[in-house]
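Below you'll find only one chain, the form predicted alone, shown as structure tokens.
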């Protein structure tokens, strides 16, 4: 049956224009990708504000608008609770996890698990993380497929294929730099579209008070009841989303690890996390949920007849004029692309760094690995498409909840215990991952026996959420029990890999004693010096070193004077011996100047990193 087409030609013209523009934008940044470091980590040069928007764009997938507007229509303001439970992960993210992966130059989650534990733990985690990432790609593709079915009458697979091809194409060309830059634009657009729709709705109803009065009383609570309804209770959402899903995003989602590693410094991570979690995430909660609240108010006001699953699209169509509705459709496209591109790039990174490089073709050239990474990104999109028919059997909200609750707990537990507990052993980590996965698998066979005791009286309807609590409890129990009877790694081998050893990690990153003295940024002229060819050392005047509180051997960061580049034109350097005579120039090698797109005599800003 063909769905009724919503919107007019101008709307789809705007949507198509956006689609092509983002594709071209992503392809344009392919010129910044020449190595695997560029393809996976964007050269580790981006500013905190750019990564903040990029992270929120990745979190807000196309499923977010549909998923949260659907539950917003059914349950009201409590649909935002999934975005408001991330804050308690901030300390471990900023103080422990990001310093470990950044300073220890960790390229993937499985690599961390091998260095912290052993090779078999790395292998077990690799396959689970790949399943997690590919499954997420499938969830995003089915969402946009369903959206395009509602809008254009396309078959769900047709819409999924079109978007998968477009996203895979610009990831293939531009890698992480293309992902970050397109996600910046898409993050801004989806926030403007969602919050703009909410503002238009308030105006339409004659003010916030009248809009608020149209919502049922039970729709006005920030959180749902503790254990009701079974498929949307507070405890279910908190366990599945706040603990398992958010924890997985922070600690085991390769896409976010790559985003953290794209920052110019660990110092910038603090501002990035505060902006992302405390500012942008609450705004995203409103942007993605408001379609459901608006649709409910329209129905209660007798102005429309809307099904929960169509809440966002139908509310936007009702309120927006032609062309503006097209912009809102573009936001849906943005949400899909900004999540799928990260996932595709992440699958490519795991495959190359944890399967191809160590086991299939070790010791090959970087050019070879870059080619494999690009081919893998195409395959990842194809695997995600293959899962679309499976996820079509459930609602988007149900499929997403069931999938994350079942897949994430074992690896998440192993990482969490590994970074906070030195005593946690390699044998325990392996059993946590494999044993936890087996027990979760058995919970699908005997759900009442295994998940039932954790349902808080909610019954089988809650199992897709509460399986996360069972999985976390089982994994933690296995990890602690096995640890008590097995031998831990020597503390000397854990330096930089666990909480409390960040200084060791900083020494590893710098290759010497870190310089933590506070300093200022300086403005200098970049002067290309051929004698420095093949050397990442730069020569600065003594006055500049003094102002930065820097010494020879310290790591520096030089960037374009225009802050809005967000680090796109920048480079990491090492301070050499100061210039013999005072001047206002920074002598830099031709290679580093080319990396940062600096021209001879150009003004640049230089700061000490560590």
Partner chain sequence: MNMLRVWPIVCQFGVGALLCLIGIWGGLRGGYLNLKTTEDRRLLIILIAGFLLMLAIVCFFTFLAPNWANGGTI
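The model shown is predicted, which means the values in this text are computed figures rather than measured ones. Positions refer to the first chain, counted from 1.
Not on display, but discussed next: the form predicted together with the partner chain.
In plain terms, the part of the chain that comes close to the partner chain in the predicted complex, with a heavy atom within 4.5 Å, is 83-91 out of 467-475, 153-161, 83-91, 529-537. In summary, among the residues 95, 484, 390, 188, the only one with a non-hydrogen atom within 4.5 Å of the partner chain in the predicted complex is 95. Among the residues 99, 230, 196, 447, the one placing a heavy atom within 4.5 Å of the partner chain in the predicted complex is 99. Interface residue remark: residue 209 is counted as part of the site for the partner chain in the predicted complex, having a heavy atom within 4.5 Å. The closest non-hydrogen atom of residue 226 lies within 4.5 Å of the partner chain in the predicted complex. Contact check for residue 502: a non-hydrogen atom falls within 4.5 Å of the partner chain in the predicted complex. In the predicted complex, residue 420 approaches the partner chain with a heavy atom inside 4.5 Å. By the 4.5 Å heavy atom rule, the three marked residues 220, 243 and 506 all count as contacting the partner chain in the predicted complex.
Taking the partner chain as it sits in the predicted complex, the stretch 547-575 never comes within 4.5 angstroms of it through any non-hydrogen atom.
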